[in-house]
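In the block that follows, a single chain appears as structure tokens, in the form predicted alone.
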Amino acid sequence: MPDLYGAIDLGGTNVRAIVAGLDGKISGDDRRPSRASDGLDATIEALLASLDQACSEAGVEAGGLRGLGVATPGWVDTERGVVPAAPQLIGWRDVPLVEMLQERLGITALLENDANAAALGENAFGAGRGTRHMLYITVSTGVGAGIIADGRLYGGAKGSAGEIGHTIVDPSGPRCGCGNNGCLESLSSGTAIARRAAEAADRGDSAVLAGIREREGRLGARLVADAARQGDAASIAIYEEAGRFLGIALANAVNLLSPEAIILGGGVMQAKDLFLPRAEETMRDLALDEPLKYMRLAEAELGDRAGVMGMIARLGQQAG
């Protein structure tokens, strides 16, 4: 049997575990609720149960894996293997996750931020294959990024590089959860799109959005996209503006990093027809010609497998 490795992508809603070789061939795969709202112990048990199921499918015991990689949301201390805090994971504060897993499983484990893991996955197995300088951006509930520089993940001085969601694209814009005004996340994320739609409904700018909110009890980014595709002017404008601010951030990234590729992923990309053309147009208007010549903009290929595949790639780097 070839050497097999485990990879886990832990989120606030779901946990996914796979068992795979370093070539990316998956032998076992499991996805289940992460039970994040039930606290740390429940989430750890869900994580381990998911890994056990993936191992069962692959015909291997968890203790027989050659290594385990775990991707989690929020900032992580990769050197110590600690999750200092993760807003999506209830009760997680300075959790020594690597130590906990190594003690439970008896195998070597490592930890990475989920956006960084997705960047590694797309670089090794997805839309960024063959590039040595790449930026991966996820546009979802929030906005995050992972940077590949000269073929390696770039984490900065303490592993916190890539927070493109908290680059300021409009200083007079709305307050972001980080405390600043006009961050990309406060203007182009799924959360921002839903907030703008609620504001439009409150102002009476869109009877369509008001009707959706009354019927559904909420206004999420996907519902706003449905309204836009039905021709609702306010919804179309919301997505257009989200695309414009994303384009400003993309132009800044092109000028700063000169990547070969920028790969866009995340749930909001399901509405790419509504905002991506404006984002690309804005990026090309604002970015410098020289770095733009060598850069391509592409959609992520791996979907919700990006994080786990990235951890397989990360384990491969360690093994090499």
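Note that the structure is predicted; figures quoted are calculated from it, not measured. Position 1 is the first residue in the sequence shown; the rest follow in order.
From this point on, the text means the form predicted in complex with a further copy of the same chain, which you will not see here.
*Asks:* Taking a further copy of the same chain as it sits in the predicted complex, is Q53 in contact with it (heavy atom to heavy atom, 4.5 Å or less)?
*Replies:* No.
*Asks:* Would you classify F125 as touching a further copy of the same chain in the predicted complex, given a 4.5 Å non-hydrogen atom cut-off?
*Replies:* No, F125 stays farther than 4.5 Å from a further copy of the same chain in the predicted complex.
*Asks:* Counting only non-hydrogen atoms and a 4.5 angstroms cut-off, does L286 reach a further copy of the same chain in the predicted complex?
*Replies:* Result yes; L286 sits at the interface with a further copy of the same chain in the predicted complex.
*Asks:* Against a further copy of the same chain in the predicted complex, would G267 count as a contact residue? Criterion: heavy atoms within 4.5 Å.
*Replies:* Looking in the predicted complex, residue contacts with a further copy of the same chain do not include G267, since no heavy atom lies within 4.5 Å.
*Asks:* Could you check which residue among L111, A227, I147, L89 gets a heavy atom within 4.5 Å of a further copy of the same chain in the predicted complex?
*Replies:* By the 4.5 Å criterion, the partner-contacting residue is I147.
*Asks:* Which pick from M100, A210, A161, A194 sits with a heavy atom within 4.5 Å of a further copy of the same chain in the predicted complex?
*Replies:* Looking at the other structure, the residue within range turns out to be A161.
*Asks:* Looking at heavy atoms inside 4.5 Å, which stretch does a further copy of the same chain contact in the predicted complex, given the options 195-203, 170-178, 218-226, 235-243?
*Replies:* Every other range fails; the passing one is 170-178.
*Asks:* Please state whether all three residues Y5, R16 and L105 have a non-hydrogen atom within 4.5 angstroms of a further copy of the same chain in the predicted complex.
*Replies:* No residue of the spot touches a further copy of the same chain in the predicted complex.
*Asks:* Using a 4.5 Å cut-off on heavy atoms, what residues in 288-306 are near a further copy of the same chain in the predicted complex?
*Replies:* The stretch 288-306, when checked against a further copy of the same chain in the predicted complex, contributes L288, E290, P291, Y294 at the 4.5 Å heavy-atom cut-off.
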